[in-house]
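One chain comes next, on its own, written as structure tokens: the form predicted on its own.
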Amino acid sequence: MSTIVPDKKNAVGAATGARNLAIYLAACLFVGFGLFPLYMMITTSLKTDQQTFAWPPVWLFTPRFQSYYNALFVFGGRSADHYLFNSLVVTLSSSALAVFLGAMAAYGLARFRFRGNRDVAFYILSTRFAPPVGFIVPIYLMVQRSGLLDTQIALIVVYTSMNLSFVTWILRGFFLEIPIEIEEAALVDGYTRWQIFLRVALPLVRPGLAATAILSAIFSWNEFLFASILAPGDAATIPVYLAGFSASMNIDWGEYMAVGTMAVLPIMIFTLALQRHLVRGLTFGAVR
């Protein structure tokens, strides 16, 4: 009897170890499958044209940065840094406005009870139900008559309005998670409602702010439809600039992949820097 029990424990341990190894290998394969396009984009931007189209593929090579130099200083009429700057300004401005205004709206819906409170919250979210292409004509006419065509302001206003409903709905769940007793104690200490919002409520929903900021930034950075129609010229963003490469019969793949890499890296760095808050935000207040 004493020899059978350890054997069973060893068998169970071996089965558990084999299962964990299989899960680990499957996760590695999934991650590799997801990162392979990014790897190909970065390596192609560092290869010569001969290495790019070589068969079998060239896996080991000496990196060259000529494609980045061409994309930033030589290739096309305007260099890629101009469109990267446009994307950066539009993304940061629209995301900051959406998070700040959405936080105020969400706090009001979470703390002030009035008739139709939940209906108003659902109506705000329902503005995202319709496809964006359904609004492009009226928005274009409004922007044209306002004299804001091909300006960064037009994109900032449009992106802010599109992100606002999503931010409001998500942050409302976070504010509902805050115990009301904390704010009542702040009122007793002499805080105004505005001070409670800035100094008490916002610090407590920091994961939600980070999560909504990341998701808003990703949308604004990658959005193409409104950018291509409302700002196709001097105020164009990086997705519009990238679309211009495919309009030619002869694509310069090195420069194309170099611009693509520069377009992906900023949002990747921003997401990785706030990854901890993003995961916590998506699994805490957003699931209320």
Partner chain sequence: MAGIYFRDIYKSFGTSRLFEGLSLACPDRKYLCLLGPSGCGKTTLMRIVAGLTEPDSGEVLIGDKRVNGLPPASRNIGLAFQNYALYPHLSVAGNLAFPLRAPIRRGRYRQAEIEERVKRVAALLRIDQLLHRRVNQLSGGQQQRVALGRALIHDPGVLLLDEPVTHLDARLRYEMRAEIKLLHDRIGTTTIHVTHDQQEALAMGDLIAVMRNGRIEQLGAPLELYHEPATAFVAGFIGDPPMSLVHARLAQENGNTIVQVAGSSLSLSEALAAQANMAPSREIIVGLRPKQVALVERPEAGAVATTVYSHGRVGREQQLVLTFGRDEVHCRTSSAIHVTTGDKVWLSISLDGAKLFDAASGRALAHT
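Positions refer to the first chain, counted from 1. The structure presented is a predicted model; accordingly, all values stated were derived computationally and were not measured.
As for the form predicted in complex with its partner chain, it is not shown, yet the points below apply to it.
Its partner chain is not shown here, but in the model of the complex it comes within 4.5 Å of a heavy atom of Ala186. Put simply, Gly147 is far from its partner chain in the model of the complex: not one heavy atom of it is within 4.5 Å. Its partner chain in the model of the complex comes within 4.5 Å of a heavy atom belonging to Leu204. Its partner chain in the model of the complex comes within 4.5 Å of no heavy atom belonging to Phe85. The contact with its partner chain in the model of the complex, taken as any heavy atom within 4.5 Å, belongs to Gln195 out of Ser93, Ser79, Thr151, Gln195.
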